[in-house]
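Read the single chain below, which is given as structure tokens and is the form predicted alone.
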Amino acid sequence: MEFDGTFGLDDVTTEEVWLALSDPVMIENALPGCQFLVEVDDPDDVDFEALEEAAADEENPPTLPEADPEDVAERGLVEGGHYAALVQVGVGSVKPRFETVVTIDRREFPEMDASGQGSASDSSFEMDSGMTLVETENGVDVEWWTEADVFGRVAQMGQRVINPVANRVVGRFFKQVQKELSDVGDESSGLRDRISNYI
């Protein structure tokens, strides 16, 4: 299955979007159904139950615009890094909890590629994805794509059912990112200049 699209974010700079979409905390907060997103050392040896328990006991640190850009960059996604996530998304009549590990294959401003796989009790997937940030007159376009092989009960529903779900998840994700970044451009904070200089 192939998915792609472009989502426009208004009144933001490429550097701000890059920093936000490199922040695991921002991604976890914005991604519908995401229980946690953390870096792991070994992608083949992940204890999802322990990570879920730890996530339930911890409060996420602040994201932009409250967070310091240097703190966000320090915890940001890194090329070659592996990240475990637990994501639960309703697809038709089922709501699988996917245990997922994603690897950042390439991260070079303003482009990033990742690959990963996930499994639930009756479904699984493998995917490659990427994004490119393009500066526009009103802000930034995020051009994204995903190629996924889906197996099990979810796959039996077909792309006709999965496509609207994928579009809904992506749309809600970027709307939340837009909301989080809405105050970054406040000139009184000086945050925009700090991010621009840092990137």
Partner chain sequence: MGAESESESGSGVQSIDPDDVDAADILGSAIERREDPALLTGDAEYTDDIELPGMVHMTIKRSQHAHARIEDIDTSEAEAMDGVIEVFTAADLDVPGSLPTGWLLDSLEQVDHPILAEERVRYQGDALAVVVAEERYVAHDAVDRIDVDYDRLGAVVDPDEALDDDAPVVHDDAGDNVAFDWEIGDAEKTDAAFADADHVVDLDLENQLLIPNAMEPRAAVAEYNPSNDELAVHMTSQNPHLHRLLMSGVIDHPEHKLQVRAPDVGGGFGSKIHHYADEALVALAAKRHERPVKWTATRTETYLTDAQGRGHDTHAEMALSADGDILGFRVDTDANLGAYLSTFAPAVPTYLYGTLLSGQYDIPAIHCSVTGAFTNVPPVDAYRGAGRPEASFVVERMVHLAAKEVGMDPAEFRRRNFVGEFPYQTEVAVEYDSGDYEKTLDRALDILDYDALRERQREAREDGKYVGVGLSAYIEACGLAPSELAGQLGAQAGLWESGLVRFHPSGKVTAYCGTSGHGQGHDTTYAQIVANELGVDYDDVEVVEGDTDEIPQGMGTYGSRSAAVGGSALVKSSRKLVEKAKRIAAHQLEAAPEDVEFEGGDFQVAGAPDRSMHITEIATQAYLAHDMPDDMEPGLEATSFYDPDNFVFPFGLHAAVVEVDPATGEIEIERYVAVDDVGNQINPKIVEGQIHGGVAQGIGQALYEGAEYDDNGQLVTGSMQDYTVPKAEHVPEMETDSTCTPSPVNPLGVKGVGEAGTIAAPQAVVNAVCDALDVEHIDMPLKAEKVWRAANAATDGGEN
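Nothing here was measured: the structure is a model prediction, and the numbers come from that model. Residue numbers count along the first chain shown, from 1.
One more form of this protein exists, namely the form predicted together with the partner chain; it is left out here, but the text below deals with it.
In the predicted bound form, at least one heavy atom of residue 123 sits within 4.5 Å of the partner chain. Residue 150 belongs to the set of residues with a heavy atom inside 4.5 Å of the partner chain in the predicted bound form. Among heavy atoms of residue 40, none comes within 4.5 Å of the partner chain in the predicted bound form. The partner chain in the predicted bound form comes within 4.5 Å of a heavy atom belonging to residue 156. Annotated contact segment (heavy atom within 4.5 Å of the partner chain in the predicted bound form): 123 to 131, selected among 81 to 89, 123 to 131, 68 to 76, 100 to 108.
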